[in-house]
Structure formats: C-alpha cells, structure tokens
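Only one chain is given next, in structure tokens, and it is the form predicted alone.
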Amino acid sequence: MIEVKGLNKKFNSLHVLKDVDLKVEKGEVVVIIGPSGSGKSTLLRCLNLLEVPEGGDVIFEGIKINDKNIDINSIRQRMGMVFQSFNLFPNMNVIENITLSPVKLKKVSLDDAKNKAISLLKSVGLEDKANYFPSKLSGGQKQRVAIARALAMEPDVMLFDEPTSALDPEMVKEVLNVMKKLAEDGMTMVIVTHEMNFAKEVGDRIVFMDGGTIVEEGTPEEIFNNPKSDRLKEFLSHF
C-alpha cells in the first residue's frame, strides 16, 4: 500500500532522514520505534507530505505522491492522521469536529455524516460526549475524538504520530485500546510510539530507527526477543 524509496529529508544542515526504504502492506500494522531525534515522526510526516522530502519517492497505492502534478489533498483524504496534540477545532463541539471534513470534502449529507459520527463515537466509547466542546474533555477523550474524526473520512490507512505522548499514564490505555480494536478490524496502520508493550502486542512488524536510518526491522518476536544490532539492544535495555 505504501512504498518509500531512498527517502532523504534535511532541516537546514541537519540530515534527518538518510536513504530510508520502507514498505507497508495492506492490512499491516507497522510500528516505528527509536530514540528521540531518530527521524521517526519526520518519516511518518513524509508519508502524507506534511514534510516534503528532498530526495526519494513516496508511493501510495501505486501513485508517486511527491510528484508535483499530484493533488496531495485528494491523497490525504485517504490517509487518516492522528497527532500528539489532538488538533481538534476548539470552537466546534465533538460532532461538528467529526462531520466537518466528510461534509466539506466528500460532500456527504449532514444527516449521513452525523449518523456516521455517532456510530464512530460509540466505537470509541464517547457517544455521550457528542455535544461537548474540546475544552470539556480529558486528554484521552480528545485523542479518541481525533481518531474518530480521522476515521470519518473512511481512510485506507491510519498514521499515528506518538498518539499517547501528551497523555497522563491513566489515559494512555483508553487510546491504545481503540487502536488495538482498529488493528483487529484490519485497518492498515503506521504508528510512531514509545509504548513498547503496545508495539509488541499490536505490531505485525517493528521498525527500529536511529540517526535517520532504519537500523533493524522484523516481527515483534525478532525485535524484542532476538535483537541483532548493538544499538537496538542498548535502546531496549532502557525499557
């Protein structure tokens, strides 16, 4: 579904991604781990061109999306994105946050969009919060609304950028449970996270990054129980 070839990204003189290659199959859950500053979030943000790479290609469902002739906004509608900081619209209630994109971008009727939103809120355990504004929600609730909002566009893939890092520990679990259910339902996902137990449990494939490169990748069993590189062994020793 996604193929990254020879990806390079720089911020001024800082070379953040160095010739990165990655493939994500349909229905696969790929979890990217690694120390802070290793390029994980930058790689994720290159997948939907929130960061534009200087070199290499990003191919999504057979389309080279960093081609200047591609309408990236139409591609992004098929790639749900969930950020660390929720990014909900503070002046809209929960149901308005979720229905905005399907109505505006997909021309879904407001009634249909609301019905879908309510069903998504049920699936994330928040149907009683439909008329609440974000300021009245906990961090975990905001993140679950953000997931519901991304799912309302019926994306082909979901990208998660450290979705629990801004949450208190007791709220982490409620968000991870929603993501586990998505994995069970067969959603293709690419997840950047520091939650190693979650990575172990949900990932089909774990990708370990350090210094802007992919050092090692494999099944959770291979990565956590039989790491090959010294750098990965050292990284895992902190958990």
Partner chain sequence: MNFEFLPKYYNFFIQGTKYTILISFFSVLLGIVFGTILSLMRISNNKILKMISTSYIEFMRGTPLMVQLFIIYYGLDVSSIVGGGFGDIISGIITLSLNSGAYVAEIIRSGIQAVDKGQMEAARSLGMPYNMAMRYIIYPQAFKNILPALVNEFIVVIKESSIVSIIGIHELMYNADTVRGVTFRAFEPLIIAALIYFLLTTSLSKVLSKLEGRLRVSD
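Since the model is a prediction, treat every value here as computed from it, not as a measurement. Positions refer to the first chain, counted from 1.
The discussion below concerns the form predicted in complex with the partner chain, not included here.
Listed residues Asn87, Ser119, Ser138, Ser109 were compared with the partner chain in the model of the complex; Asn87 is the one with a heavy atom within 4.5 Å. When the partner chain is considered in the model of the complex, Ala150 lines it closely, a heavy atom lying within 4.5 Å.
In the model of the complex, no heavy atom of Asn115 sits within 4.5 Å of the partner chain.
Remark: Ile95 does not count among the residues lining the partner chain in the model of the complex, judged by a heavy atom distance of 4.5 Å or less.
Interface residue remark: Ala183 is not counted as part of the site for the partner chain in the model of the complex, having no heavy atom within 4.5 Å. No residue of the trio Phe160, Thr164 and Val215 has any heavy atom within 4.5 Å of the partner chain in the model of the complex. Residues from 95 to 134 that approach the partner chain in the model of the complex with a non-hydrogen atom closer than or equal to 4.5 Å are Leu100, Ser101, Lys104, Leu105, Phe133, in the order they occur in the chain.
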